[in-house]
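Okay, so here's just one chain, in structure tokens, the form predicted on its own.
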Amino acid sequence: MSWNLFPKRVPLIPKDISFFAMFAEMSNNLIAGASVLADLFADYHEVSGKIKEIRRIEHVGDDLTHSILTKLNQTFITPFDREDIHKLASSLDDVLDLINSAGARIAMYKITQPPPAAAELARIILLQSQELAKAVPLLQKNGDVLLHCMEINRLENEADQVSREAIGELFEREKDPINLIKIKELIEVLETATDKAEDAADVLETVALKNA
């Protein structure tokens, strides 16, 4: 009989991989919010109902974020750095918060004719959200996260261009200063949402490189 004097070490407390499922749920909820936003600007009817649905999805997102942060405080060994888990949860939540803020601006300012750029920016936010949802599961599988991060960054650059051109055109044609302020703020909120999606991608890239 042979004896193994140096048995394989087994961690006494395994890493809690449930975070991956929680982030997947969070990113899918983000897609739901971005989809309603894109539909809102693509078909500007039943506006109040769509804004209400965005608000509902944002509340779900807040609950998911709270669950992740609570679990983070209760977990001894995490699948990746605690700081990165916190940053990723916060960044994803920020995107959804800004989607909700765009809907709130429409209701608060009673915007009846949003600019075409709003629909374009909402489309970009949806595409970024879809890329984030594809990238998150790849963290667990050591997949090509960076490919999706690059696309999110490219989309953010596209959003910058759309926003700059829209605001430039707004100052040229809009004669009502109050309406100018309203529309400009709406465009800026939407563009900031694309920035926050890029922030989330930066966290994913950091995690992927640390664990490469």
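Quick note: we count residues from 1 along the sequence shown, nothing fancier. In this text, all values refer to a predicted model and were calculated from it rather than measured experimentally.
Unshown form predicted together with a further copy of the same chain; subsequent notes refer to it.
- Message: Contact with a further copy of the same chain in the model of the complex for Glu151, defined as at least one heavy atom pair within 4.5 Å: yes or no?
- Response: Glu151 lies outside the contact set for a further copy of the same chain.
- Message: Residue-level question: is Arg164 within 4.5 Å of a further copy of the same chain in the model of the complex, judged on heavy atoms?
- Response: Contact check for Arg164: yes, within 4.5 Å of a further copy of the same chain in the model of the complex.
- Message: Please determine whether Lys87 contacts a further copy of the same chain in the model of the complex, using a 4.5 Å cut-off between heavy atoms.
- Response: Yes, Lys87 is a contact residue.
- Residue contact check: Asp39 to a further copy of the same chain in the model of the complex, 4.5 Å heavy atom: Heavy-atom contact with a further copy of the same chain at 4.5 Å: absent for Asp39.
- Gln74, Met108 and Lys182 all contacting a further copy of the same chain in the model of the complex, non-hydrogen atom within 4.5 Å: Every residue of the candidate spot has a heavy atom within 4.5 Å of a further copy of the same chain in the model of the complex.
- Task: Enumerate the residues of 148 to 182 that have a non-hydrogen atom within 4.5 Å of a further copy of the same chain in the model of the complex, in sequence order, or give none.
- Result: Arg164, Ile167, Gly168, Phe171, Glu172, Glu174, Lys175, Pro177, Ile178, Leu180, Ile181, Lys182 sit within 4.5 Å of the partner.
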